[in-house]
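Shown below, as structure tokens, is a lone chain in the form predicted alone; questions about how it binds or moves come after it.
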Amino acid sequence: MEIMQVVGRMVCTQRAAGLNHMDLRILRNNSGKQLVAVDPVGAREGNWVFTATGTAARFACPNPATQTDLTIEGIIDYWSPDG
């Protein structure tokens, strides 16, 4: 798992069949890299979230056949990035 921040949303009208109507979010990791994640939990811009990658990312979706390697697993209610 990794903690990331939602920096935007992505809208794609043409998708692979396995993505169906899943929401897509743009996340920034701790090194500043932006990544696209499937969002089954409804995260909003500015939210801190924790994510799953690889095979675990598929199992974090309602349908484990979803084609993803990065999924938001939860929205963090409180977290202090400074420790």
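Just so it is clear, the model here is predicted, and its values are computed rather than measured. In case it trips you up, residue 1 is the first one in the sequence shown, and so on.
This protein has a second form, the form predicted together with another copy of the chain, left out of what is shown; the following refers to that one.
Another copy of the chain is not shown here, and in the model of the complex it never comes within 4.5 Å of any heavy atom of residue 63. Taking non-hydrogen atoms only, residue 28 never approaches another copy of the chain to within 4.5 angstroms in the model of the complex. Contacts of stretch 1 to 17 with another copy of the chain in the model of the complex, defined by any heavy atom lying within 4.5 Å, are made by 1, 2, 3, 6, 7, 8, 9, 10, 11, 12, 13, 14, 15, 16, listed in sequence order.
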